[in-house]
Each structure stands twice: as C-alpha cells, then as structure tokens.
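Single chain ahead, by itself, as structure tokens, in the form predicted on its own.
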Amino acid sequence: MNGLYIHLPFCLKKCLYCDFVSFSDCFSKAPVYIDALICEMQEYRGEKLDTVYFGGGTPTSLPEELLLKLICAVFENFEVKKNAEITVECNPKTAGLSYFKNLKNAGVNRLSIGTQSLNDSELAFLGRVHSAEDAKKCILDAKKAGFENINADLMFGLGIQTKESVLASLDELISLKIPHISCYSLIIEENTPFGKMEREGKLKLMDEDTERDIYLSISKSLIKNGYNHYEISNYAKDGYLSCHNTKYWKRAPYIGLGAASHSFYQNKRFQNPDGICEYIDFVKNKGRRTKEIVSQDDAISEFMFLGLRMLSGISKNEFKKEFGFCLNDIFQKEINELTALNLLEENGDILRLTPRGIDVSNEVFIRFLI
C-alpha cells in the first residue's frame, strides 16, 4: 500500500541550518498552492494509502482553514485505510490547543513537533522562533487535544552545547512522556547561513569525539527509559515507530505532492519543481516529469543502505525473494571485511550494523553501492 507525502514549504522564519525547500515570505501564495496540491491529487485519485505525512516547511504555519481543506481533500481523493498513520509536522510557535483539536477532528492522529532543544540559548543559536516554554506548552496542548502519538525532535552537535545541556533537554522530553523521539546531529549544509559562517570561520562546531559521546549517552538514556532504538536516529516506545518513515527505509512505494516532493511509485522515482510558483505553473500546465525506472543495481544498493539504517537489519531471505539470488553472491567480500572490522554482524537470516557500525554507518553503506 502507498504512503503519501505532502510538502508545505511555508515557514515563519528560515532556520540558520535549514536546507529544506521552504520560504518565509510566500504566505500570500498559500491558497493557490493548496488548490494546486488538490489538483495534483487527481493524478493519483483512488489510490490506497496507509500513511499520510504533511511536512515542510511548517504545515501549521498555515491558517487552520487551509490545512483542514487539504486534509479533507486527501480523504476525498484517496482510499485511506482505517487507522492509517496521519502525521502533521509542527513548530511549537505555530499551533496550540484549538488548532490541535481541529486537526484531531479532521483525522490527524500523529504530530511531529520540532522542539530541537529545550534550552533557550541553543534555540536562539539555531535561529528557531520558539522558546523552550513554547515547546513544552505545545506538547501539553497536543496531549490535551487527545494526541497520544507524538514525535519530538532533538538536535545535538551544536558548538555551544554541552553533554549536560543535551541530556537535560532529553530528560525533559522523557518526563513529558513523548512516545517517539528523533535525535539528529547538526549537519552543516553548504547553501545555508551556517554554511556561510563555517566557510568564514565564524561558526563554533562540536568536536567529533564529544558528539559521539553525546550520541551514545542519548541512546543509553532512551533505552533505559523503555524506548526501542529502531533506526539510527529514531527511538520509540512499543507501538509508536514511524510507519511513514519506515516506508522510505524499506523501499515501500510513496507518492509525493507539492514543490520539491519526491515519489517512488510504480518502481519509478521522480520529483516536482522546487519553487512555489514553478510548482503551481507545473500543475496548471499539466507538466510532465522525468521518471526514472529504478534499475536492479540501484534497487539492490537501496535495499542495502536504506535497510541497514534499521537496527533490526536486513533479511537475506527477503533479499533473495526480491532479487532472485543470494545476497552473499554479490556482497560476500564486503560482508566478510565489515564483519571482521566489527561493523556488521550476522545472525542467521539477519545482517545488521553493530554499535560500532552505527558510528560510521555512512562508511559501511558506501561499500554496498553498485
């Protein structure tokens, strides 16, 4: 069954580290953009969905009536499975109790809240528009509105952070009984203010050893508190893993709507234009996408480096079922070398990263590119 991703590239303010396609000065175009999204849905009308994800940008930076109109259109145009996971991303500054109640009544059952930190100095460093108190209030309002399935993001690797400050934010999130926590290290992207600051030597970064120590401490704390470490950056209580994101890691099909959105649909990968106006014109003029059929070599590489992100690992039997031959037939050398280095481990049918392999996961993944 398909997943559906809808990109809403509207933000109150662009964060200093953000490389996503989003804009802070285009809200006047939002009504026409929503109409374009609904028009694009017609291309896939009647498709069956078991996950829907509204991302951005900041979906909740839009007026409620626009986002609710879009949510209703999803149910009108698609066959949405009962109890499908339906997620909306939220910046703590943009939504409160009333907004959340309306989302819940419209069928949304999961929120992903961009907390990033519960330390005001760190939030200011990142260029976030919310405070730590805003984030905590947002989480409590979401719970009051009836949301149980909530993700909170936590970012580490900031030059001004300490291990103590990161774990203090983490402890507060745990105490708020958030069932899913995503923990990401700060990555400096070239075309961002942070990228420019780094090139000019004006950005203080955390050293790798400290960052690794913090990551290990985060994992230890979350696992101790009953979270399952199910993907490199993601931790969840039983029953609360992200079904939509798991589709990406397991190469399940998904449809992407909106500016810059990507799709993996009918074994083809394709994407929409990046700009808001370009996307609106693309839909209006019924533009044609360049669709790339995924070759077997690409599919095999994706199976390996996406699947190994999951800590449950990959199944050799599933590999053979999908591709018709044994995984070891083409990767025996790589598996032997990575196992000898204690970066991979084999357990019967399963091949997965070791704790040491997680630390250098990108170096492991590159060995499986064909």
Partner chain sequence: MADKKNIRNFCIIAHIDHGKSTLADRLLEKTGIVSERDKQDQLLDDMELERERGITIKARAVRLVYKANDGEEYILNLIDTPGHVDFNYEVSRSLAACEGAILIVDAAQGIEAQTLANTYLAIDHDLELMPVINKIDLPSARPEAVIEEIENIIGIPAEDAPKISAKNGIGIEEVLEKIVTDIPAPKGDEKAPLKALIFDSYYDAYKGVIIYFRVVDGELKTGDTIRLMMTGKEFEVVEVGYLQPTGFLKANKLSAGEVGYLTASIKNVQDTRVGDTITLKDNPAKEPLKGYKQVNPMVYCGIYPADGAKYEDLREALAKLQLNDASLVYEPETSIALGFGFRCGFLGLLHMEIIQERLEREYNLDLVTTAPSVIYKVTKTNGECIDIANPTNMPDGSEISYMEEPIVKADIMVPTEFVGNIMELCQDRRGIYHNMTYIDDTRAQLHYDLPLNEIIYDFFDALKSRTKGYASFDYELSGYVKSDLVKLDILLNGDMVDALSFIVHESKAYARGRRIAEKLKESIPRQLFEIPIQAAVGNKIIARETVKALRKDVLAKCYGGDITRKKKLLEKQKEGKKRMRQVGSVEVPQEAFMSVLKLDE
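None of the values given here were measured: they were computed from a predicted structure. Numbering follows the first chain given and starts at 1.
One more form of this protein should be noted, the form predicted in complex with the partner chain, which is absent from this view; the next part is about it.
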Whether Ile366 contacts the partner chain in the model of the complex should be assessed with a 4.5 Å heavy atom distance threshold; does it?
yes
Does the partner chain get within 4.5 angstroms of any non-hydrogen atom of Tyr230 in the model of the complex?
no
Even though the partner isn't displayed, in the model of the complex is Ser131 close enough to the partner chain, meaning a heavy atom within 4.5 Å?
no
Hey, in the model of the complex, does Glu89 get a heavy atom within 4.5 angstroms of the partner chain?
yes
For the three residues Leu216, Asp298 and Ser301, which mark the spot I'm curious about, does each lie within 4.5 Å of the partner chain in the model of the complex through at least one heavy atom?
yes
Could you spot which one of Asp141, Asp153, Glu172, Glu198 gets a heavy atom to within 4.5 Å of the partner chain in the model of the complex?
Asp153
Counting any non-hydrogen atom inside 4.5 Å, which residue from Lys237, Lys136, Lys101, Arg212 sits next to the partner chain in the model of the complex?
Arg212
Choose one stretch from 249-257, 67-75, 101-109, 220-228: the one whose residues place a heavy atom within 4.5 angstroms of the partner chain in the model of the complex.
249-257
In sequence order, the residues of 19-37 that place a heavy atom within 4.5 Å of the partner chain in the model of the complex are Asp19, Phe20
